[in-house]
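A lone chain, given as structure tokens: the form predicted on its own.
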């Protein structure tokens, strides 16, 4: 075997997650060079907190994209979960169970409708979830009358901004728990194998006896639940709710998943890569904020960097 063939085989057998983690390390080193204090505990804690919000949304988005779908309703569901939980909490800890159940039910119902529309009515995921997003946006405006009310309870604030577990807020550990659950589901369960099978070839999956319908519906239910709960967690960070609370989570969640090595065509990828993609996005946003890049320029730079990473990642997949 020639040297060229050996190198080709090594590259082909290389874990695709290596690439995104290499990019993450490079980003951290560049950030350290630009801002010497960038890797300080306080800033790392803030980056991980922001990553926790995006990472929880991206966990559901990962499942959806592995099935060859895309959920464009996540940002609207984050906003709905945000305004609903703030109003239900009304600043009181005793309202947390009611707020959690209410927000969780909304996320589950929206995910159920998305999944059923996509599977039973054969509506493309982009169309179905975008339409659902428009409905949710209207619901938010009707519910709030354009002026969100309510605020976070002390316990929710501590969960997101407190230091009960050292320098890192508890919400980071919630993200870690969600990460372990999603990775376990994908790697160690029948449901996870079904998710990959549906994404790779839904027709063959049906002929093999795999419950394609229930698998798809469950994937969208999980995505809806996680998006809505993220909206509730955001109340603890901001103290109140906002009509645009979930705006950035739509494209950022998709970018994090694709940067992490999950193919939009479905059937390939995992959440381990999504974790790195999530942190890369949050490191970039933190760096741009620290160096006081104007908002409009920040959007352009973020878009260019994400596109470059996606292009290189796509070339890596094509070469493999």
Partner chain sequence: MTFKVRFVNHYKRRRDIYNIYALLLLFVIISSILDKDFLTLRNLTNIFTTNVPFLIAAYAQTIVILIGGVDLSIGACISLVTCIMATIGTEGGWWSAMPGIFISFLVCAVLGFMKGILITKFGIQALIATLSISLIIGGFSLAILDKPGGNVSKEFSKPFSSDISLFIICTIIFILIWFMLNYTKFGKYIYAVGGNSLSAYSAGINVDVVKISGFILSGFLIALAGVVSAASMRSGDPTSGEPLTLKSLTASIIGGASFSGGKGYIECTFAGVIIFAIINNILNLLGVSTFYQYIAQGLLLIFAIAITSIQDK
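Here the rigid core means the biggest group of C-alpha atoms that line up within 1.5 Å when the two forms are laid on top of each other. All figures in this text were calculated on a predicted structure; none of them were measured in a lab. Numbering follows the first chain given and starts at 1.
What comes next is about the form predicted together with its partner chain, which is not displayed.
The stretch in contact with its partner chain in the model of the complex, judged by heavy atoms within 4.5 Å, is 132-140, chosen from 132-140, 216-224, 97-105, 175-183. Contact annotation for residue 126: at least one heavy atom lies within 4.5 Å of its partner chain in the model of the complex. Taking the partner from the other structure, its partner chain in the model of the complex has no heavy atom within 4.5 Å of any heavy atom of residue 20. Of the heavy atoms in residue 146, some are within 4.5 Å of its partner chain in the model of the complex.
Contact annotation for residue 306: at least one heavy atom lies within 4.5 Å of its partner chain in the model of the complex. This chain appears without its partner; in the model of the complex, the one residue of 280, 59, 258, 52 with a heavy atom within 4.5 Å of its partner chain is 258. Residues are counted as partner-facing when one of their heavy atoms sits within 4.5 Å of its partner chain in the model of the complex; in 280-297 these are 295, 296, in sequence order. After superposition on the rigid core, displacement of the C-alpha of residue 25 between this form and the one not shown stays below 2 Å.
The rigid-core alignment places the CA of residue 36 less than 2 Å apart between this form and the one not shown. Relative to the superposed rigid core, residue 295 undergoes a CA displacement of at least 2 Å between this form and the one not shown.
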